[in-house]
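Starting off, we have a lone chain in the form predicted on its own, written out as structure tokens.
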């Protein structure tokens, strides 16, 4: 996905949507633009197909129940009522999903996705895309509900506290400290950092996340005014029927309740493509992000490049490499030991490291099956004064060309 970022389309629009996404700024080939539009409409279609997808799943459950012998059906007197309740919950989810995509064609300031009547009719979506959408629904719980607070405290709070430790308000002007959060998801971590007064920007690649974060940040103005049923798609490992259909309200805070002078923005696009300007950021904070890379070394090099001398990189997360089992996709799976070695060879100085931080990710707390991540948490610094070293990133290339006297930061 080409890069784009939040900005102002007009004064009036800025008042209505304070965190609008700016459109693309880099030139692209006509074919790239065509593929981009097709991808955009494919994801829109996934949101619209949701009701049909869940309804078909429920109809299959009904058919299978009715195929049972009568005596078995009589032992499960409440089963069809449960399916009816799931269908009601699905309709509530569907309405919010339609609200999310309602204004997405005008979401990007410099890019319009022209309406196409054929695109409006929901067609079948792949299982992969529907799984992405169901995961996005659970992301609302993690980022913007009271039910997700414990998970946020385990993942986001250590990062926020480290930023405050590194850039204490009593010793620096926090509004001048620029913090970047790649892989921002629905934007809660970036929002929390901005709410403390830091100049914070979130970056996200996925249209699923971008559509949803745009909705939360720009359309949700009342606390806990909306309701989702994130667990209705889970038919296994439920102890009670009510666990599957329990409601979650969001947002637990008003996203617009930021200080008036707050510098908060979001960018849309591939992290490697969007962030190429050197020495721009005081802090890069990554949470459950670095394993989204095809080649994590590219992430390390980019973070080195964009950090100011003396800037810090804070990371918390596992190494569940996203492209590991995808056919025809490059995927370099490093151990943490290998990755840490590369980070240090690139010139970073390790300042803090915890190799065991237990946390979950969009966990269903009432499920009979839970996943627990044993994460690494580290802080590394880009030295304020760079020293020549044959192990610095791309150092040998620069010595051969003799174009600069300092190590490359690309």
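Computed from a predicted model, the values in this text were never measured in an experiment. Residue numbers count along the first chain shown, from 1.
Form predicted in complex with a small molecule: not shown, discussed below.
Mind telling me which stretch in 268-276, 232-240, 250-258, 163-171 gets its heavy atoms within 4.5 Å of the small molecule in the predicted bound form?
Comparing against the small molecule in the predicted bound form, the contact stretch is 268-276.
Is residue 145 a contact residue for the small molecule in the predicted bound form, using a 4.5 Å heavy atom cut-off?
No, residue 145 stays farther than 4.5 Å from the small molecule in the predicted bound form.
With the partner left out here, check for me: in the predicted bound form, does some heavy atom of residue 41 sit within 4.5 Å of the small molecule?
Judged by the heavy-atom cut-off of 4.5 Å, residue 41 is well away from the small molecule in the predicted bound form.
Would residue 361 count as a contact of the small molecule in the predicted bound form, using a 4.5 angstroms cut-off between non-hydrogen atoms?
Residue 361 belongs to the contact set for the small molecule.
With heavy atoms only and a cut-off of 4.5 Å, decide whether residue 205 touches the small molecule in the predicted bound form.
Looking in the predicted bound form, residue contacts with the small molecule include residue 205, since a heavy atom lies within 4.5 Å.
Of 299, 281, 211, 108, which one comes within 4.5 Å of the small molecule in the predicted bound form, counting heavy atoms only?
In short, 299.
Under a 4.5 angstroms heavy atom criterion, identify the one residue in 177, 216, 307, 287 near the small molecule in the predicted bound form.
In short, 287.
Look at the candidate spot formed by 156, 183 and 292 and say whether the small molecule comes within 4.5 Å of a heavy atom in all three of them in the predicted bound form.
All three within 4.5 Å in the predicted bound form.
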